[in-house]
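One chain follows as structure tokens, the form predicted alone.
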Amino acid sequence: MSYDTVVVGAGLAGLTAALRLSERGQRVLVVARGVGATHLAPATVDVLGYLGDTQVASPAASVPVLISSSPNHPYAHVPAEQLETSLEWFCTKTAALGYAGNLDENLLLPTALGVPKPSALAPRSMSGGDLRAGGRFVFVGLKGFKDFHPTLIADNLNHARLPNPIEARALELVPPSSRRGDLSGRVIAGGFDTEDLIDWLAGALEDRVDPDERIGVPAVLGLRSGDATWQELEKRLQRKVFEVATLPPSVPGIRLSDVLSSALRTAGARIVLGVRAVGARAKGGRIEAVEVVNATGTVSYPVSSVVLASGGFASGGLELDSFGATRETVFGLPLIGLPNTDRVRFAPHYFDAQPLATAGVATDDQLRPVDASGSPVYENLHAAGAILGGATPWKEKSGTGTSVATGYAAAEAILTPAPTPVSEAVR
């Protein structure tokens, strides 16, 4: 079976590219080893949180500064107006989660460790935790749930540098007897979806929270009904309630993946997980088919275009072998950001600038991977997300923003190809 586009990877970048292409009428196939990093991330869209050690207040103002100092950064290939358009489009496609925020100002949200994190967009169930205005907060833990530590969060926030002072405290609740013991985020979320846990939580909080306190709860208010549960809690308590990201797995990330995957299937795309793209059949500088290994063998999918969104080292898009050699695992593409040594030497401290921190593929302005001379390796191959080189997402707090922006831009490059130069047309 042939497709207009095969997307390799089912993380945020791959789902973004696939959905944009599908809604424009393309026949799209998504192939991936698994669900991608969405299930580990908190579902915020972090466009740019830090320039060096300086916290960014406005991504719109700071992204051009980043590009001027890092010309190989993925944002260098996404025009400013397209970056803004991609976020607006993302918000419309995830309306069920009600994203709040914009490029002009970062929200400042508490992490699972009580660190204020700059994010451009956040689901409305989380955006109420914006710390910039200060005030009083209470963080609520559930006994037996080991992926959320309210005392740690409150203590760290009380000592954090913030625009306005805050006062934070911790509160631990004992779940109903049917929900005691070692709990996981998915188990608790399932309880909110199918049981009356909201009645218990609302009742347990009603007389233990002051009227001027904002209530931070672990982001486990349901996989299917999370937004409705959050709204109902605010209505019952008559106070601002917000979800706080937990340690992985991420319930908000699962919600986001489910929303995008559902929209994809509605648009007619096919998603196949548990398979591995291993190469391509190419001719004349174009990929004619993508080779995919499944449980029974190798299948060749004829295709007009390809989006590579296989992720970085953590997702298997990049691989470092025991001899220190680094490679792109699907198409064997050239890489940038590699050390100038025969064998990789890791920096001794965790927060040092690691030699492979910016490793990945380089692209042209159509997000086509290029070789050392700057020429596209394949005319119809585009890359998006963490496979792209030139960024340090963990330090910049730019990973999910890069995924949305480049996933959208890769799709647009396929939908609206760059005009062929006259000299090439003549040849």
Partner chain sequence: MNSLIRDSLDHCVKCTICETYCPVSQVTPLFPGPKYIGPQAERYRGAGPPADSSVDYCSGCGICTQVCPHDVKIAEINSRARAKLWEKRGVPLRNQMIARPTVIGRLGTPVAPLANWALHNRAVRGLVQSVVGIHRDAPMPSFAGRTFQSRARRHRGPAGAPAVVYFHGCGTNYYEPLVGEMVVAVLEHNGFRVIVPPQDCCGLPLQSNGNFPAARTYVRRLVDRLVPHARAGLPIVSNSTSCGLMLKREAHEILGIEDDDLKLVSESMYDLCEFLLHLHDRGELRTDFMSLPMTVPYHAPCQQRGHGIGKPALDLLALVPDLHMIELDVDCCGIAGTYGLKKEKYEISMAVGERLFKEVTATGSDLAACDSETCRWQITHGTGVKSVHPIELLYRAYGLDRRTRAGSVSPELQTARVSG
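What you see is a predicted model; the values in this text were computed from it and never measured. Numbering follows the first chain given and starts at 1.
Another form exists, predicted in complex with its partner chain; not displayed. Remarks below refer to it.
Its partner chain in the predicted bound form comes within 4.5 Å of a heavy atom belonging to Lys146. Contact check for Thr229: every heavy atom lies farther than 4.5 Å from its partner chain in the predicted bound form. Mapping the unseen interface onto this chain, Arg265 counts among the residues with a heavy atom inside 4.5 Å of its partner chain in the predicted bound form. Put simply, Gly389 is far from its partner chain in the predicted bound form: not one heavy atom of it is within 4.5 Å. A single residue from the set Pro42, Gly401, Pro59, Gly36 has any heavy atom within 4.5 angstroms of its partner chain in the predicted bound form; that residue is Gly36. Taking Val115, Val174, Ala133, Leu273 one by one, only a single residue has any non-hydrogen atom within 4.5 Å of its partner chain in the predicted bound form, and it is Leu273. Only one segment in the set 164 to 172, 206 to 214, 314 to 322, 348 to 356 has residues whose heavy atoms sit within 4.5 Å of its partner chain in the predicted bound form; it is 314 to 322.
If you take 317 to 337 and check each residue for a heavy atom within 4.5 Å of its partner chain in the predicted bound form, you get nothing at all.
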